[in-house]
Every structure is written in structure tokens, then in C-alpha cells.
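Only one chain comes next, encoded as C-alpha cells, the form predicted on its own.
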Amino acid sequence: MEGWDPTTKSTLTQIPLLTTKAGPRDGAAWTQRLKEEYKALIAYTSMNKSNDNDWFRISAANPEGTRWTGKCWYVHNLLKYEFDLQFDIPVTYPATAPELELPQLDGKTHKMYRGGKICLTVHFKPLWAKNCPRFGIAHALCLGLAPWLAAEIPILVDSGMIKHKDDAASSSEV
């Protein structure tokens, strides 16, 4: 955690680390891993709410816990920009991080590929690999998606690539 700002360090230390090294094909071990994932997500969500920094909602979209869907949002210039969030747990999980997708932003930035998957290769994937199997979904959101949103959304808004829902609604009424 050298070189990280104090807020990121503090946040990260409050997300429980995971211990079970199991993926979707590992039966009972995967069930145990999912329990750890939920505990970490609950801790991260609770911490965000208590710090008035609530910015996502996700849940497993299937009973196996291999498909996740939800919403994430980012506030820029006092306006809330909300996006669908989805991802699949790769078969090689936890050795491989999930590829987080924001389908509504597909094609709007160079830091995205194939159907709205955000590009985390340079910064996040080496960190994930170094911390396998201790990192999980909550860590991917905290260290992958959150910084990506903070870097990309202001640029996309300022360049006109995305519009606030109220602006889009008023321009369609004209």
C-alpha cells in the first residue's frame, strides 16, 4: 500500500480479506468463498453508507453466484450519473479478476473494450494478481471501478460524451 493516499489505505483496511481460494467449479469451497465475498461486500457497503459515500448496489443474478448485476453512480458537478453494472466471475477466479462492465458507456472512451468492459489492465490486474486469493468483488469495486469512475466520468461529461438524464430529457422535449 506504499504510495496510496490515506483515504484509500483506510478504506482498504476495512474491507475483510478473503481466505478461500476457490472458483465457480470448486463445489463446496466455492460456496464458502461466496460467503466470504458477501461478508466483504456487506462490510464495504456499510462503511460507504456510514461515510456518506454510497455509490453502488450489486447482487448475484443467479443462484451459483457467477453472474452479478446492479447499478453504480458517480456525482459530478452536483449531478448524479448512474450506470448499469454487470460482470461474470471467470472460471479461473480468484486468480483472474472479474471484468467489470458498464454497457451504457460502450464506445465512449478508449479506456473500455468489448461491450463496455472497463480497462483495468495496467493498474489493477497486477495488484489483483499480487493479492490473490485475498481480494474479492468488494476489492475490485474499491480499487478498480471507483478510481475508473473518478477518472473517466468527469472527462466524459465535460467532453459531451455522456449527458445527465435531466439534460437528455429536456433536449428530447425540444
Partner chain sequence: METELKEILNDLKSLQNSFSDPSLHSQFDKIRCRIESLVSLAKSGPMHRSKVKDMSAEVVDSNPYSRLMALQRMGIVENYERIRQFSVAVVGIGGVGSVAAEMLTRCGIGRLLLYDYDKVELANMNRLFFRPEQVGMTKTEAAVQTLSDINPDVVFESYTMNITTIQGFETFMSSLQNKSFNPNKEGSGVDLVLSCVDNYEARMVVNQACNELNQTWMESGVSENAVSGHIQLLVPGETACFACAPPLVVASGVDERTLKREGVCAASLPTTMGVVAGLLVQNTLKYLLKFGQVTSYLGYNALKDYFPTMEMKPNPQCSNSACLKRQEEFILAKPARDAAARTKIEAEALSSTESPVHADNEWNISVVDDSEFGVTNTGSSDVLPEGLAHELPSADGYENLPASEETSNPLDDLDDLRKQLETLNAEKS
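Bear in mind the structure is a predicted one, so any value in this text is a computation, not a measurement. Numbering follows the first chain given and starts at 1.
Although not depicted, the form predicted in complex with its partner chain is the subject of the following passage.
- Contact check for residue 89: a heavy atom falls within 4.5 Å of its partner chain in the predicted complex.
- At a distance threshold of 4.5 angstroms between non-hydrogen atoms, residue 116 is out of contact with its partner chain in the predicted complex.
- Contact annotation for residue 34: at least one heavy atom lies within 4.5 Å of its partner chain in the predicted complex.
- In the predicted complex, its partner chain sits within 4.5 Å of a heavy atom of residue 95.
- Contacts of stretch 37-62 with its partner chain in the predicted complex, defined by any heavy atom lying within 4.5 Å, are made by 38, 39, 41, 42, 45, 46, 49, 54, 57, 58, 59, listed in sequence order.
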